[in-house]
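Listed next as structure tokens is one chain, alone, in the form predicted alone.
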């Protein structure tokens, strides 16, 4: 399957929009549609048709005039480009309410992320299994990850220890960190860092809501 192998060339805003298109196109497939145009996607996603066409140009797929994109091909190309077709192994640190919820979310595997183990320092959760995922003492991570070989670390610990835990995960072989804490951790240049702060998004939402009061 052909797609642009130069992932670094795609702007991050475009990369963030591609899963929106994929989700909508999958819905159309369930409704037994076979083709979709950028104009149709634009009406549902609130992104201009020209922007959608530009975004899709990064994955080397083109639509046909007056026909649009073949939905099966578009889904296949997008899933492959976004990395959803390859299962990525992960570990999670901090099995509190958010961490436990992520361990319980079987939907992550549909997008290529499989959490193999949760780690914590709380004896009340160590030894439990959440959605089939074991919760293990954080002290054993370095030895355990030699067997798991997980390259992604999900960070849901309290902010006060987030940097310390991030460093510990990297020491254990983690190459990418999905940071759910509001603390802006620092990592070496060869480590991938994705920040997903729920609190930051709440602040934006509250601020915009206030504008309409």
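Numbering follows the first chain given and starts at 1. Keep in mind the model is a prediction, meaning the values are calculated, not measured.
A second form of this protein, the form predicted in complex with a further copy of the same chain, is not displayed here; the remarks below concern that form.
- For the residues 61, 53, 176, 148, the 4.5 Å heavy atom test against a further copy of the same chain in the model of the complex is passed only by 176.
- Among the residues 128, 140, 76, 104, the one placing a heavy atom within 4.5 Å of a further copy of the same chain in the model of the complex is 104.
- Although the partner is absent from this view, residue 57 stays clear of a further copy of the same chain in the model of the complex, with no non-hydrogen atom inside 4.5 angstroms.
- When contacts are judged by a 4.5 Å heavy atom cut-off, residue 184 counts as touching a further copy of the same chain in the model of the complex.
- Though the partner is left out of this view, residue 122 does not reach within 4.5 Å of a further copy of the same chain in the model of the complex, counting heavy atoms only.
- Within this chain, residue 170 is remote from the site of a further copy of the same chain in the model of the complex, having no heavy atom within 4.5 Å.
- In the model of the complex, the residues of 187 to 209 lying within 4.5 Å of a further copy of the same chain by at least one heavy atom are, in order, 189, 190, 191, 192, 194, 195, 196, 198, 199, 200, 201, 202, 203, 204, 205, 206, 207, 208, 209.
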